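First structure 1, then structure 2: two forms of the same chain, each alone, as structure tokens.
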Structure 1
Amino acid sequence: MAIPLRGRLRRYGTSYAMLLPFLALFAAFLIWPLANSLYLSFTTFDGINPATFTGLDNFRRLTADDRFLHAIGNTSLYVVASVLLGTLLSLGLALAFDGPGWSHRIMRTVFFLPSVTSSIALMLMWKWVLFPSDVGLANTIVSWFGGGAVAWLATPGLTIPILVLMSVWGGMGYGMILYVAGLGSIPREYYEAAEIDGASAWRRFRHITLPLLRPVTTYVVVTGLIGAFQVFEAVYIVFRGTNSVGGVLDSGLMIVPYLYDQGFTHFKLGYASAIAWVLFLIIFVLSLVNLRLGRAMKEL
């Protein structure tokens, strides 16, 4: 039987009252900025003069903006490579260091450390590693083998591979921990029964481990997609040049750095809001497709 409103308030009034501070902060710092950003995406706004409503003009301009299309291409390549390699290496590390011994615990800690370290500090470290002279660690190692100094940050063909390397190195420890937790939830009886039936290690991995790790894989891939599409620090700190936020010939230009460039360098806040909402729609659709695929494979 439904409880009358007065009865619900008497019964749950204290709980509702305790939720009010959270709801106020949620509305002030999430709902309102989102709604305001959506409104600005239909305007021209420079942060000083009043916004002027222009309808879909910002979104039409995006379809003809060569730098934005270039950023979309770079980001797509970066996302595919970093998520694929990151997921595979995370699973490999989890399988290698899944044991309860101290050596495995130490190795898990070593690989997980970059995930809990400040991303700014990590990017500054990478900038020192790739410094384009003999001072940089990478060129020092190259010189040990008789090679000359390499302009790591000024070679357009190396930009995306370096960004992928930084992303995979910094994120695979986090994925490894999730996979280790997933491996621990698989009942040992499944493997014992498969061994009695004569299943090889590969068949046990393919028919037991992989299917039962599917929820973890879906989570790792979806969060990896979201994080990779929002890459910013690596481009801004390591590759930003004096004239372009995307490095040499915009070889490292991604969507979020371009959004920042338009919004806070050129003060085109309406245009930057339109870029933000296009990015939101891309991430939303890809995450939805991934979740649907994961659910469909589970039902096979």
Structure 2
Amino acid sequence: MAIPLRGRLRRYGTSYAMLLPFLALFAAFLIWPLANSLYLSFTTFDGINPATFTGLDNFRRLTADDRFLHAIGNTSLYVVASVLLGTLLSLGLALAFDGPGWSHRIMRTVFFLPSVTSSIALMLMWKWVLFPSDVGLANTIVSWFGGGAVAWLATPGLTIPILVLMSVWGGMGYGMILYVAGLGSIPREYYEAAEIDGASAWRRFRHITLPLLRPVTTYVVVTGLIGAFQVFEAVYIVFRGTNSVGGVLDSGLMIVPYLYDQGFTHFKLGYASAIAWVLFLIIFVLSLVNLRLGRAMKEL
């Protein structure tokens, strides 16, 4: 059935008109800025004077920038520790509390609570829990065991562990929900068959549950990695000192806080763009790995 030309034009015209709001905003605030940020990463730009092209200078400087390398190191440590711990605990929680009974539902809600609480409120809460003098909750608990007040936020060696703790504490309930959904999609027949064959609980877990949860695990790990690389608020709200965005001795300096510091405290917008592109490359590679893993999973 051939549609007359006028009708076709009218229909396709409508289609494009319907796409227009999305595409216009998408181009204006994502595609164009992305291209622009790539360009800016090859320039020196203070936001006021026109950008001057300096080629690979920014990237060359990044490789020798101690603060940046420190930020990369901190971020990697934080990402690995928080994702590893967070994933393990999410899975453990899901296995422990995935039933329909009221006690399990209450436990799920308890662990899910941080996910529905304003994140700024959580950061402020942590800052108050870790208050340096004896009025803080953490120090009160330490004193019960005979310890003296700890300067939690001013001890460089504690910065990354605290950031990991905050991230795991706040995120494991979310991962738990994903795992519970994953557990729910495993057909019960597999377990019944295994039980008839006399497989132990551990073998059932090892050979049925874990392999069938692989897609969920991949999702939890990859989205966890991507989210962790972008950490900002926790560092900025809890650890920012008077003169450094990264806390004491930059012990909590990460990629995005450093980007913010270079871009919006020192107004080195070109240099900050180069940092943004390093972040982009890291996350791009992770996403590709995610896609590859997803495809490999389907072929199995």
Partner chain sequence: MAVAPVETITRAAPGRGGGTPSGRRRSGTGGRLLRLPFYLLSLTMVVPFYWLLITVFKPPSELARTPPSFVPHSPTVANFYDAQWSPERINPGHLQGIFQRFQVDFGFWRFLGNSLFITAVTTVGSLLICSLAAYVLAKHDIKGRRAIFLMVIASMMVPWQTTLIPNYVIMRNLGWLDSYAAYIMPALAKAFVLFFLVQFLQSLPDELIQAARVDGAGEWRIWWQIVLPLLRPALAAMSIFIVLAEWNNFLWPLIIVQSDEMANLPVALARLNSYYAGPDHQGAIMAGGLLASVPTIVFFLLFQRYFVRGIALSGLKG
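Only the largest set of C-alpha atoms that superpose within 1.5 Å between the two forms is called the rigid core. Please note that residue numbering is based on structure 1, beginning with 1 at the start of its sequence. Every value quoted in this text rests on a predicted model; they were computed, and no experiment measured them.
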- request: Report the structure number, 1 or 2, for the form predicted in complex with the partner chain.
  value: 2
task: Establish whether a shift of 2 Å or more occurs at the C-alpha of A17 between the two structures, with the two forms superposed on the rigid core.
output: yes
query: Hey, does L281 budge by 2 Å or more at the Cα between the two structures once the core is superposed?
result: no
